[in-house]
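Just one chain is shown here, as structure tokens, and it is the form predicted alone.
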């Protein structure tokens, strides 16, 4: 296994925000594991100068953080000397579908540089856990150590606003040291569209539980009076009429090959329902104006009767 160098470490804005929030909301310093993937990206440098330059390409190895597990304390999966307990790590990573790529440490009022213990923990973790480098052009994947380390700290002085510093490191076994790596924040938008070009979901959509004969109005089928059940059935019939025949079981068509054609029908029905709601709102506004005029007329009659009674 080669001691390959990472070009950068990518993390989505939502995961980074969640990581900072978890660290800031904890009562004390915390640590945990980070999970993700490592990809080999081949970028071609096209040029019109010469054929040799047009075929030039460069390989980049990028680590992507997809999730994390916070233990809520420090020295959670390692001892004070920095020796990692592999059984404890396996128990923490059981709920994550992705591979272990490293760990993180969140400290307060300290300098933003790794300590000797954190360096020892990363060295011990990288020597015990490895993951394959995903490469679409080379089926024979190369393994790489789980060598990523995230460090989050807060300033040593109290401030009126929350300030957090974070840095990412890679542990190089050949040099036995942590080397800083740039952090890329992956967000949604035109500038970040390239990050999602080769994305493939790890799991499919969850199954939709559709009960065709169920009613949202009935809490318990075995309880309640007959009149309440009749009223619930009547209400459900009125809802079905507004839905123009769309049943709850039809929602399963929103997932799968029929989703494109089925979505158009739902959008048309939604527009018609909006038109009905707008018409209903207009009727309510008209009736409210009529009631106001009627109340005004009744007030005048009461005042007239009061004057006659005097």
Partner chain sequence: MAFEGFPPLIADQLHYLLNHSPDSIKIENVWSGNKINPKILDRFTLVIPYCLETIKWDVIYNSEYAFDPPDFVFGPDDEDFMPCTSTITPDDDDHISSLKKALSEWDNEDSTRLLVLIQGLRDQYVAYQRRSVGQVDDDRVKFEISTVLTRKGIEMQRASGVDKPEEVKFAVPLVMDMNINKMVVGCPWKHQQKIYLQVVYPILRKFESTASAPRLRLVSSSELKALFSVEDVKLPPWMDGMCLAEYLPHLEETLERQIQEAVSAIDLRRSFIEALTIFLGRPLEANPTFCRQATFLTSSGQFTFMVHFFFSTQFPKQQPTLMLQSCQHLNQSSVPVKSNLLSEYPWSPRWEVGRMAERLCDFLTDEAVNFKKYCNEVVLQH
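The term rigid core refers to the most C-alpha atoms you can superpose between the two forms while keeping them within 1.5 Å. Everything numeric in this text was worked out from a predicted model, so none of it was measured. Numbering follows the first chain given and starts at 1.
There is another form of the same protein, the form predicted in complex with the partner chain; it is not shown, and what comes next is about it.
The candidate spot formed by 80, 113 and 123 is fully in contact with the partner chain in the model of the complex: every one of the three has a heavy atom within 4.5 Å. For residue 26, a non-hydrogen atom is located within 4.5 Å of the partner chain in the model of the complex, even though that partner is not displayed. Mapping the unseen interface onto this chain, residue 75 counts among the residues with a heavy atom inside 4.5 Å of the partner chain in the model of the complex.
Put simply, residue 87 is far from the partner chain in the model of the complex: not one heavy atom of it is within 4.5 Å. For residue 109, a non-hydrogen atom is located within 4.5 Å of the partner chain in the model of the complex, even though that partner is not displayed.
Contact annotation: of the candidates 163, 176, 91, 142, the single residue with a non-hydrogen atom within 4.5 angstroms of the partner chain in the model of the complex is 176. Screening 96, 128, 236, 119 for any heavy atom within 4.5 Å of the partner chain in the model of the complex leaves a single hit, 119. The rigid-core alignment places the CA of residue 301 2 Å or more apart between the shown form and the other one.
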